[in-house]
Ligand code: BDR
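Here we start with a single chain on its own, the form predicted alone, put down as structure tokens.
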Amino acid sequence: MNVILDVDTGVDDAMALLLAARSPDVNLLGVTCVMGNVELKKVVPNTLKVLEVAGRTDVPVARGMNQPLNEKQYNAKGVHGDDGMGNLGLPPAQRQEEPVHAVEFLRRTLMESPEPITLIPLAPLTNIAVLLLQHPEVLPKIKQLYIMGGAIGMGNASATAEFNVRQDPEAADIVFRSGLPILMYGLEVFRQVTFTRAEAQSFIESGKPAAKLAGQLLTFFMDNFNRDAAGIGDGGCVASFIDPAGLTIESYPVRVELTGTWTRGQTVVDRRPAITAQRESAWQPPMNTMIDVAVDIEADRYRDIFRRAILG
């Protein structure tokens, strides 16, 4: 399955990269980088390091947008560590990124592909929005978007907004209104695929480089939040792409709230019956979108996919 990942490599993006790079079911055509969990100048080397640990120095990495479309960046170093990778002190990668901007890399790769490609954005959607604005000719070449972002209910960046969408609400709005087939893998399922401290330690002791890194990052998360288990986050999104039968999906109108003191960046998921929405429409204009939203997940199914990939 041909895919390109778009990442802001902190800890959970690293999990996704390890899975995508190691899975025999994924043909990873490239990775594009955007600011988010940490600054872009850290995201790119983090991504190169993870791919090197995974034994995939063949996968091209391209540097993308370093600021949201309409406001300043706020990072998540308190979650991911100052370097975005749990402050593990990994050695620098032995190669550099591609000498081309991520948006151009995406355009070129999509247009040159004989078949449409799935994009898996696990980060703020700035790269993807700029691609769609500057190069609408790529739309038929995108098979689907598997987006880690948004929430039906409670947010994490704010009371109502999930981090990736809140980082660049305008970009998310552009993407959600694009008409492309979209799967929204939001916070409701994001938090469910977890491993215990004992399992993380077994990864570290496995002798497998990818598993060792995963175990170290899971342990950092547990220590950072004083918990006895930690999730693979974005890794679950990639696992659900590999085996979508483990997701329960429902289709709803979804829009991104661009204003509001308390609600900017919220993904408004209209779960009302259609007839109710039509009859009580005075306060809400039509959303004119229909998005597949993940509402439940078979966590053990995706734990197994991740475990098999990193232990190889």
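A quick note: this is a predicted structure, and the numbers were derived from the prediction, not measured. Numbering starts at 1 and runs along the sequence shown.
Form predicted in complex with the ligand: not shown, discussed below.
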Exercise for the section: Have a look at 107-115, 87-95, 187-195, 238-246 and name the one stretch with heavy atoms inside 4.5 Å of the ligand in the model of the complex. Expected result: 187-195
Exercise for the section: Report whether the minimum heavy atom distance between Asn164 and the ligand in the model of the complex is within 4.5 Å. Expected result: yes
Problem - Proximity of Asn156 to the ligand in the model of the complex, heavy atoms at 4.5 Å - result: yes
Practice task
With heavy atoms only and a cut-off of 4.5 Å, decide whether Asp168 touches the ligand in the model of the complex.
Solution key: no
Problem - Partner contact for Asn37 in the model of the complex: the ligand, 4.5 angstroms, heavy atom - result: yes
Problem - Partner contacts for 11-45, taking the ligand in the model of the complex and a 4.5 Å heavy atom cut-off - result: Asp12, Asp13, Asn37
